[in-house]
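Only one chain is included here, represented as structure tokens and corresponding to the form predicted alone.
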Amino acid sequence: MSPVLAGVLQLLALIAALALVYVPLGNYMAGVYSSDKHWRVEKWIYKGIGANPDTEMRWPAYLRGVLAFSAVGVLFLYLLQRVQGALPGSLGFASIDPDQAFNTAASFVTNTNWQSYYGEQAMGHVVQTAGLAVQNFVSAAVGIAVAVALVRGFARARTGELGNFWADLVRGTVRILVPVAAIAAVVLVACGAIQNFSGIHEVGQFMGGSQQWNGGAVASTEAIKEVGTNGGGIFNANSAHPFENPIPFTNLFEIFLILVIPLSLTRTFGVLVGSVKQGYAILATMATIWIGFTALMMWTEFSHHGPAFEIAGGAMEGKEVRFGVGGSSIFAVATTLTSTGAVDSFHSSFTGLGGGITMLGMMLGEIAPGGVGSGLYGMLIMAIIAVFIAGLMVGRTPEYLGKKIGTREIKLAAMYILVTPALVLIFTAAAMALPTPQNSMTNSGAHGFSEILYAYTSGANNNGSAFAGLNADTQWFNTTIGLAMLLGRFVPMVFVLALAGSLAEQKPVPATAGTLRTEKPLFTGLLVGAILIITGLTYFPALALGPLAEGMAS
């Protein structure tokens, strides 16, 4: 079987698996967030944190819950790393330096999982499980909660109430993320991923000598790393490491885990707003971009010219032989079109255009399908922008899901889409203008610029993957990327929740003959075009200096 055909068959199998679970998982999640009953374990949690889950919150109170919970998470994780040397199960590793501890705390609380350290050489078992793994669950649950709050803004009328953050947080964790991750962990263990708390031991090498390895709760971490679109692995090689991703089946299974909740949330959206067709329209938009990007990535990685590429069957540099070009291309697109950041190959070694595709996927706002929760609310913001553009074309007040898109709503949507590009471009410009950050670049020219651009794009978009040629473990990058992650995660949430509150207060507008049919393919095409044009206009000059220049020169 040719490598190209194998890649296509993997993609078709993945699409079939996602289609199989789309309706039942989407309906289940809709039931989770619309139920008025609480499980016993949830009641214990509410009692422990002193929260009343039945109290409705307006958007400022909901936002305060998000920010307060996340701030406590950053502080706890920072302190846990700073005292690691005194903790049991530290494997002899020292406490983490202040700048790196800040960066890592910001990274995992914001669902970014950017890692400027060597995982198996820096973090002990307690920090990995009680710190990083816990944040993998709750940071993902925060993203879903904010998305559900926005959906309620569309579904409700004449009230500013968006639900209860604490109830949404706990339900997302207990009823969705924990069960799905537990099943996934069992599958990964059955396929060869390790799960233990062993210490450091010597392992003989095939060519002689030895190497030190330590174990860890790898399968369970890997499961929530993908299910929660987190991305931070125990080992520095991430999902390219055989302990995390042993065989081609687990590679495809992990891609499935990355995509399954973000895609199924479109069904949840459709059910909660009372029109599954609206969910299918958002799904079609996400799927069009995802499949298009995957096809483009396969084309550029399979068809790269040169004798070495032709003998290897494609651009195999930086890719695992057991996954090949096809599996690596599908994984790279999935992980950068979501907020995952896990890697089974090294994006810095992709072709110039291939590396540009991974960057552009993040620059879209990671909305196709995006991270758990963040992808859905990001896509709904773009839908509002598309409706507004259509209203300008026909001279009609824009409406979406029975809500008028007025001055306040479009200002909030515009501020949302401007935050991340501003962070990326400002921090990239500062890093390129100063001599100290440039000392971390192992490559010069267009590829060196791409390393910097990729780092801040990954941080501000809460992705977490990186171009391997950049040494980001410096005070400058630990601090600035940490700030980019915090601002890129929580400032947009302010605008999302404010928008949700504004929509929930409105009186529904009845549909008329002039109402734009947002469940039709025409709107899907408009939405795809708006996403690509807005992103292209914003980032094209920077992309032209980096990956496009490199791709045209090769």
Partner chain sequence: MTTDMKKHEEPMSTATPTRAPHSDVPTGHRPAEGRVGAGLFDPGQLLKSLPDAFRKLDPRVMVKSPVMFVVLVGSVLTTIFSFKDPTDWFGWAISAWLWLTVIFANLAEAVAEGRGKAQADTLRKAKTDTVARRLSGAAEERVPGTELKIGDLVVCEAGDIIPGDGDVVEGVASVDESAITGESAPVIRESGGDRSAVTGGTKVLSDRIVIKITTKPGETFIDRMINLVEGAARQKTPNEIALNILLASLTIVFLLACATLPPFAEYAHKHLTMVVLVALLVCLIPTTIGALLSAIGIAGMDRLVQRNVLAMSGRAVEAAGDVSTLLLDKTGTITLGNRQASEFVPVRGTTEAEVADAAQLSSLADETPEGRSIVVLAKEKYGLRERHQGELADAEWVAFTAQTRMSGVDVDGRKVRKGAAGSVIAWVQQQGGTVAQDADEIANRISEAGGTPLLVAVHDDQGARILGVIHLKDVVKEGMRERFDELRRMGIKTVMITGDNPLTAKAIAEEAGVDDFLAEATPEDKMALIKREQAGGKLVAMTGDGTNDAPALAQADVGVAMNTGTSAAKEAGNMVDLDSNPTKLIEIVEIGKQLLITRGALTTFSIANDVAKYFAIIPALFAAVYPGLDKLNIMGLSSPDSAILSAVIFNALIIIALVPLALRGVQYRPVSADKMLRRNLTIYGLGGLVAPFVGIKIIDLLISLIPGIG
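Positions refer to the first chain, counted from 1. In this text the structure is predicted, and so the values were computed from the model without any measurement.
There is another form of this protein, the form predicted together with the partner chain, and it is not shown here; the text below is about that form.
A.B. asks: Which one, 475, 397, 95, 288, lies within 4.5 Å of the partner chain in the model of the complex by heavy atoms?
C.D. replies: Contact with the partner chain in the model of the complex is made by 397 alone.
A.B. asks: Select from the listed residues 273, 91, 74, 390 the one whose heavy atoms reach within 4.5 Å of the partner chain in the model of the complex.
C.D. replies: When the partner chain is considered in the model of the complex, the option within 4.5 Å is 390.
A.B. asks: Contact with the partner chain in the model of the complex for residue 433, defined as at least one heavy atom pair within 4.5 Å: yes or no?
C.D. replies: Residue 433: contacts the partner chain in the model of the complex.
A.B. asks: Taking any heavy atom pair closer than or equal to 4.5 Å as contact, tell me whether residue 35 reaches the partner chain in the model of the complex.
C.D. replies: Residue 35: no contact with the partner chain in the model of the complex.
A.B. asks: Would residue 545 count as touching the partner chain in the model of the complex under a 4.5 Å heavy atom rule?
C.D. replies: Looking in the model of the complex, residue contacts with the partner chain include residue 545, since a heavy atom lies within 4.5 Å.
A.B. asks: Taking heavy atoms only, is residue 58 within 4.5 angstroms of the partner chain in the model of the complex?
C.D. replies: No, residue 58 sits far enough from the partner chain in the model of the complex that none of its heavy atoms falls within 4.5 Å.
A.B. asks: Tell me which stretch of 95-103, 409-417, 289-297, 359-367 has a heavy atom within 4.5 angstroms of the partner chain in the model of the complex.
C.D. replies: Among the candidates, contact is made by 409-417.
A.B. asks: Which residues within 526-545 place at least one heavy atom within 4.5 Å of the partner chain in the model of the complex?
C.D. replies: The stretch 526-545, when checked against the partner chain in the model of the complex, contributes 526, 533, 534, 537, 538, 540, 541, 542, 544, 545 at the 4.5 Å heavy-atom cut-off.
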